[in-house]
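Only one chain is included here, represented as structure tokens and corresponding to the form predicted on its own.
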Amino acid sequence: MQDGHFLAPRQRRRIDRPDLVAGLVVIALSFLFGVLALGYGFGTPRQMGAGFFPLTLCALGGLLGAALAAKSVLRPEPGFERPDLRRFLFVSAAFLVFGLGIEPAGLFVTLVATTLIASLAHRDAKVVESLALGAALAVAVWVVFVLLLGLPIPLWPAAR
């Protein structure tokens, strides 16, 4: 203590290894895909070449990876949390149901089921709200992808 001021205890900095590894992997993948995309023409913002979009995404991915790696090194406290297995399982199951169900069950049934399954990842989820959200998402996806973009997505279960 000098002049009535306390010196703050020195904060320990520990490297958050999962974030550091994730950041380095994102940087490496961005670099790899960026090198592969160099063979395409970059063009200009007015006349984009075939490599414009992939190279831009690779640059953004590299910046994101660098930010994640920097955050892992600069974090004052170790922030490792135990992963929530419930969330992981229900969100993964939702992706799986969507991928397997879109052809035989159609867009509306699959999106409502997917939303309902994904909502189970949250402990306080309510079934009625999840069903309403799933119905709203199904209508929004139908408007964007089927009506506006004209993609041939089956809307209802296929008749046998």
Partner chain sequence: MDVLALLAGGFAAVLTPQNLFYCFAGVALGTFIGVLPGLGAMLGIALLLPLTFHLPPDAAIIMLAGIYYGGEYGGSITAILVNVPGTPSAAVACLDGNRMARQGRGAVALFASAVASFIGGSIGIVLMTLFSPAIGRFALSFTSADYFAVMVLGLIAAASITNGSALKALIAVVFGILAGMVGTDVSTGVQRYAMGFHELIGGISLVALAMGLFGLAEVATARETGAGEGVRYRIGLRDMLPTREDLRRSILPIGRGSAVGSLLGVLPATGATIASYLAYSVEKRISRHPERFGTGIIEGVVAPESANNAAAQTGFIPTLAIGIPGSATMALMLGALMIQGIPPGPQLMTRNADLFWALVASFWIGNLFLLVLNIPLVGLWVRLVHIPYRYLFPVIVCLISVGVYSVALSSFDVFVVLAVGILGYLMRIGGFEAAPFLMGFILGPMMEENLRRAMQLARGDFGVFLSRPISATCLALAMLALVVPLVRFLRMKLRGGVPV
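Think of the rigid core as the biggest set of C-alphas that the two forms share within 1.5 Å after superposition. Numbering follows the first chain given and starts at 1. The structure presented is a predicted model; accordingly, all values stated were derived computationally and were not measured.
Missing here is the form predicted in complex with its partner chain; even so, the following discussion is about that form.
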Proximity of residue 151 to its partner chain in the predicted bound form, heavy atoms at 4.5 Å: yes
Its partner chain contact at residue 137 in the predicted bound form, heavy atom, 4.5 Å: yes
Residue 118 within 4.5 Å of its partner chain in the predicted bound form, heavy atoms: yes
Contact label in the predicted bound form: residue 105 to its partner chain, heavy atom within 4.5 Å: no
Heavy atom within 4.5 Å of its partner chain in the predicted bound form - qualifying residues of 124-149: 124, 125, 126, 129, 133, 137, 141, 144, 145, 149
Core-aligned C-alpha movement of residue 135 between the shown form and the other one, 2 Å or more: no
Residue 70 C-alpha relocation of at least 2 Å between the shown form and the other one, rigid core basis: yes
Did residue 59 shift 2 Å or more between the shown form and the other one, C-alpha, core superposed: yes
